[in-house]
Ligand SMILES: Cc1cc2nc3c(=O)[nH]c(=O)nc-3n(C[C@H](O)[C@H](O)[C@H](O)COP(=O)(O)O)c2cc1C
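Shown next as C-alpha cells: one chain only, the form predicted on its own.
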C-alpha cells in the first residue's frame, strides 16, 4: 500500500469487536495530569479530538467498584466521544476484572498499560516493567480476553525494556489473545523520552512480529509531515499522539485535514485555545497560572511574547484579560 493510501486509511473508522468503532485511526494518547479539566473540554469543544484515551487507573488491592471506575471515566464520557480506558497493575485477576468493569462503565475499549517508563511505576513493577516478563503478559492478556469475551481490549507496549531486540518475544506473548489494538512506542523503557536516531525504523520490527494486529504507532509525531514520513517508513494501521498535543493542540485535526486536502486550523486559534483554558480554569476556586504557562511554553516557547506576557500576569484573571485582548486584535 502506498503511503498516501495508508494515510487516507488512517482517517477512516476503526471497527472494534462487538460492533463498536473509533471514528478515526489518528488518536490522542493518554497524558496523566494534562488530558483533564479545562484541557479536556477545550479540546473537545474545538473539535480537535474525535475520541479520548483516559490516563491509567492503578489496580493494586482488588478490582475497583464500578462506581470508582465510573467516577474516573466520567469527565471523558461526558465529552460524548468514544473513550478508551487504561489500567495498570501487576495482578492478572484484578486487571481482568477491571477490564470487564471499564467496559460496563461505558468505555469502548479497555487498555492494559505495559509501557509507562516512570521510575516510580517501574519501581512498583508496573507499566513498562511488565515487558521483562512476557509470560505474565501472555497470561494476563488471555485472562482479559476471557473476562471481556467479545468486547474490545488493547495493550500499550514499548519496543522493549532494555533493547528493541526483546520485541519478538514480547510480540509472541501478545499474539495468542488477539487484542483489538496494539499501541507501540518505538523507544525502550530505559530510553524514556530521549532522542533515538532512526527510532521509527523499529516499527518495522513491530509490524513483522505482529502482522495480523491493528498496530498503532506512538512517539515523536509533531506535525503532519512527521505522520507522512512515518507512513513511508512502516505500514502501521494508525498513529497516537500525546506530547505533540502540548505544542500543537489541533495536531490530530491538522493531520487528518492535510491528508484529506483540507486547510489546517489557523495559527491564531492557538491563542483562542489558551483563552478557552484560562476562562474555564478561572471558574475553579483555586485556579492559578501554572497550567496556562506550561501550555504557553510548549506552544510558543519561553522567548515568545505570549509566554513572557502571561508569565508577568499576577493571576488567572489577569491572564484571561490579556488573552481576551490578544484574541480581539
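For clarity, every value in this text was computed on a predicted model and none was experimentally measured. Residue numbers count along the first chain shown, from 1.
Keep in mind the form predicted in complex with the named molecule is missing from the figure; the text below concerns it.
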Let me test this: is every residue among 32, 193 and 242 within 4.5 Å of the named molecule in the predicted bound form, going by heavy atom positions? yes
If you check in the predicted bound form, is residue 185 within 4.5 Å of the named molecule, heavy atoms only? yes
May I ask you to state whether residue 98 is within 4.5 Å of the named molecule in the predicted bound form, using heavy atom distances? no
How about residue 140: is it within 4.5 Å of the named molecule in the predicted bound form, going by heavy atoms? no
Hey, in the predicted bound form, is residue 226 touching the named molecule, heavy atoms inside 4.5 Å? no
Among 259-267, 36-44, 49-57, 300-308, which stretch has residues with heavy atoms no more than 4.5 Å from the named molecule in the predicted bound form? 49-57
Single option in 71, 133, 220, 232 placed near the named molecule in the predicted bound form, where near means a heavy atom within 4.5 Å: 220
Can you work out which of 113, 213, 248, 164 has a heavy atom no more than 4.5 Å from the named molecule in the predicted bound form? 113
So which bits of 127-161 sit within 4.5 Å of the named molecule in the predicted bound form, heavy atoms only? 156
